[in-house]
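First, one chain by itself in structure tokens, the form predicted alone.
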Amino acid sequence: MAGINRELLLDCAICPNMCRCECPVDREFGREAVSPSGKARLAHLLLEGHLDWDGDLLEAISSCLGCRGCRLLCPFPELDLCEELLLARTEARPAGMILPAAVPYLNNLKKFGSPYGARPAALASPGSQNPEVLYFINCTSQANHPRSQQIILELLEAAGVSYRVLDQYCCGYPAQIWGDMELARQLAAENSARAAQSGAQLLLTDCPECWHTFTARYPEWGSELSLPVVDTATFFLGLVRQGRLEPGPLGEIGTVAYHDPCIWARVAEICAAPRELMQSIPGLELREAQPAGRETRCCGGGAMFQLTFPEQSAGIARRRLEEMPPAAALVTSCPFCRENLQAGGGKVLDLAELLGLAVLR
């Protein structure tokens, strides 16, 4: 794993801190300690031995959504503060120091392979030996909106795509967030082995946090995947372009507003595919949030924040909902965004669900 860059942390700590204008955590908490540079200062002082770890410091440094909104106004292009803070709290903190709110979820992850507890029955998976697609079922949708994952399988079947479902284990990112790197690496190794044994051509995921973990973190954890990782928006758009999926009019939904998930927009730079996919639905009007695209604002659901800081997470979601234009439905392409925007009071559809309404009629 790449080491903590203390020089960049110090740059951030002494910066004029314009990034706080784009930090949803700073806006919600209203505390200097959880501003971007405030967290950088704490991390730097801890690493230099000028502060000792305690629960309050861990909570402050953990108050990060991983949204990278701070990078929009950052004068240091090489600095990814979200990753530096993640490294600081996973590599440098004392063993066994965990946010109290995270303890039950981490225990669930150890016991069940999911932070949400016992996993539902596995989705049916055809017995193809060399499928075109290996579909990774993310734990958040599986726990809260299993129908959206069933729709993805129905869309694959409608397009004639052969597939298998990867056993429902977490990608490992929550384990890293909560400080258990041994568990994170174990889950990564198990998922990588299953993927290699599947004979599939690609791994399909509808979760941006899983995508980022597979593509960026697994290589650092020594479990690089043997097949490419593709997001559902890009994959299904390809099927629409090929004529393998043919969306029809929705009827009851004439307008949608789209919320760009932070990781898709700023890390994967996937902004065009979801929009083109929605615009392939006849008669559907897409209305843009302000801001949108790479400048999107976090809904408060990233980095398992909605589990460990539920009240503040819901408050951030309410702020984001105020930026959404009026529409018959709010659409997003991230299970965390969907869950959190709903917690904030929004009526939200997953992008695959919207496509399913247009295709599986």
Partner chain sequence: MLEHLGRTIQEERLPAPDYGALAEKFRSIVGSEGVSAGGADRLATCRDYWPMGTLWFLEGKAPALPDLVVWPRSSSEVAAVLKLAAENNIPVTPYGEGSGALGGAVPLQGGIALDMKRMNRVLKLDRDNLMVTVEPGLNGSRYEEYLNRHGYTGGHFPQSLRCSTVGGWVACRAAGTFSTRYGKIEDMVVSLEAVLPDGKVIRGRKLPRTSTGPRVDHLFIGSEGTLGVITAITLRIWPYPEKRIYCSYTFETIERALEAIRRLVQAGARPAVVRLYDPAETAHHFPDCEAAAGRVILVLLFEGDAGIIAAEEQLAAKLAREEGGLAAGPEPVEHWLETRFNVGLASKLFRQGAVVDTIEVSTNWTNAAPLYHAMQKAILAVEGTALASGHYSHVYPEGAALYLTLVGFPAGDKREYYRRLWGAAMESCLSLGGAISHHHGVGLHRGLWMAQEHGKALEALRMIKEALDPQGIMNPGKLGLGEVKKWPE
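Numbering follows the first chain given and starts at 1. Remember, predicted model here, so these are calculated numbers, not experimental data.
In what follows, reference is made to the form predicted together with the partner chain, a form of this protein that is not presented.
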Is there a heavy atom of G30 lying 4.5 Å or less from a heavy atom of the partner chain in the predicted complex?
yes
At the 4.5 Å heavy atom threshold, is L237 in contact with the partner chain in the predicted complex?
no
Even though the partner chain is not shown here, does L42 get within 4.5 Å of it in the predicted complex, heavy atoms only?
yes
Please run the contact check for P75 against the partner chain in the predicted complex: heavy atoms, 4.5 angstroms, yes or no?
yes
Choose from 130-138, 242-250, 201-209, 75-83 the stretch whose residues reach within 4.5 Å of the partner chain in the predicted complex, heavy atoms counted.
75-83
Contact assignment for the partner chain in the predicted complex, among P291, P104, P94, P282, heavy atom within 4.5 Å
P291
Going through 35-69 from first to last, which residues have a non-hydrogen atom within 4.5 Å of the partner chain in the predicted complex?
R41, L42, H44, L45, G49, H50, L51, D52, D54, D56, L57, A60
